[in-house]
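Form predicted alone, single chain, as structure tokens, below.
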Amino acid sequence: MKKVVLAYSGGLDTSCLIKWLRDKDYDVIAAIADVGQGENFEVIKKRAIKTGASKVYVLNLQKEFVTDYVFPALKAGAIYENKYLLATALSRPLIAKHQVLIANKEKATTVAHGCTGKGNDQVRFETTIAILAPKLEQMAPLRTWELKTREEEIDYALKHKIPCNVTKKNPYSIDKNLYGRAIECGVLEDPWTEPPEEIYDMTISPQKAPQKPTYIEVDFVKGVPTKINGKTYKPVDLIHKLNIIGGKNGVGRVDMVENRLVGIKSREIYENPAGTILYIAHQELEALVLDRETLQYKQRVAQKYAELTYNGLWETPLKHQLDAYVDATQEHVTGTVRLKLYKGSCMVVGRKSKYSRYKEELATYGDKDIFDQKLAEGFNKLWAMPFME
């Protein structure tokens, strides 16, 4: 039997896949990545074995996910189409990398995933694996198998007594990790339909959030968040803490129609409490400490970085080159940002840094003003000169 390493989540698709691959005479090794889903991985492991996996790896990748994927994207300011904080997209190259490592260890010749031909994750998995291990055979059964709808997959699971948590009454497709949660399918496929409250898990409805605002302070060192309200947190714990604080205040909900890499538009709902807080805080600290040219150019880099991440090009030369540039810009992104969270909103109300470029004596209109306004006349004439006839 040929060995295949399957990226296994325990959801409907990959649970059906184990049985399907076994029937095709494959020895299935399941790779389970713990990126902060908050699930019972022992139960998922038993489910994989019961369904037919010969071996199961459960990998705790939370720390690596935050330090090597989330924080670099945060420093870059990467947000896809100005809304999506890339939580799912950031986890895929990490999972694919460890899939390759397991394949090498087990001497497997094939790797497989449970992504559809309509989504972005197929590209993220396959491109990463192709770059890291071009000789590995790749399989994407959901693009070719006989099960064409989620309803048919549910019937297949029921027929073969495959345990799964999806039913025809609860048709949502959900991907969750430490950094965020993505929800699609069901009534959400109609972009005119308001998302039902039942789909949310990480955030409370802003209408039910506390009547009084919550104030927090976040400290950064060279672009990396290190403290909340003066207390130092390890990377994973820091994200957990901000998820709780933001979630209780209804912060981090996103409803968007995005452009998928394959060319279709998709309606997606996201929850990113910690990510929303960190991006707003980080952006404001950069505004305080970066010079104008660097700040404005970096905004273009942020867009490209987000596109590379979204499009599965995390391991490409350009993305690694951008990392080097971004790290150089973060040398002085150290300081504290104070935020006000209130009924779904996240507002910056204070910022400070020893590297601040803000000079009160130049900005003030009070008696401390040292700005020589007489210089403005010559400046304005020179500025307008190229456009004068």
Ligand code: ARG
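Being a predicted model, the structure only gives us computed values, none of them experimental. Sequential numbering from 1, following the sequence displayed.
A second form of this protein, the form predicted together with the ligand, is not displayed here; the remarks below concern that form.
With a 4.5 Å cutoff on heavy atoms, N120 counts as touching the ligand in the predicted complex. The ligand in the predicted complex comes within 4.5 Å of a heavy atom belonging to Y84. At a distance threshold of 4.5 angstroms between non-hydrogen atoms, S173 is in contact with the ligand in the predicted complex.
Residue contact with the ligand in the predicted complex: E126 places no heavy atom within 4.5 Å of it. Interface residue among E217, E106, E268, E307, judged by heavy atoms within 4.5 Å of the ligand in the predicted complex: E268. Between the options E315, E184, E284, D255, the residue in contact with the ligand in the predicted complex by a heavy atom within 4.5 angstroms is E184. Here the chain stands by itself, but in the predicted complex one stretch of 134 to 142, 85 to 93, 154 to 162, 191 to 199, 85 to 93, has heavy atoms within 4.5 Å of the ligand.
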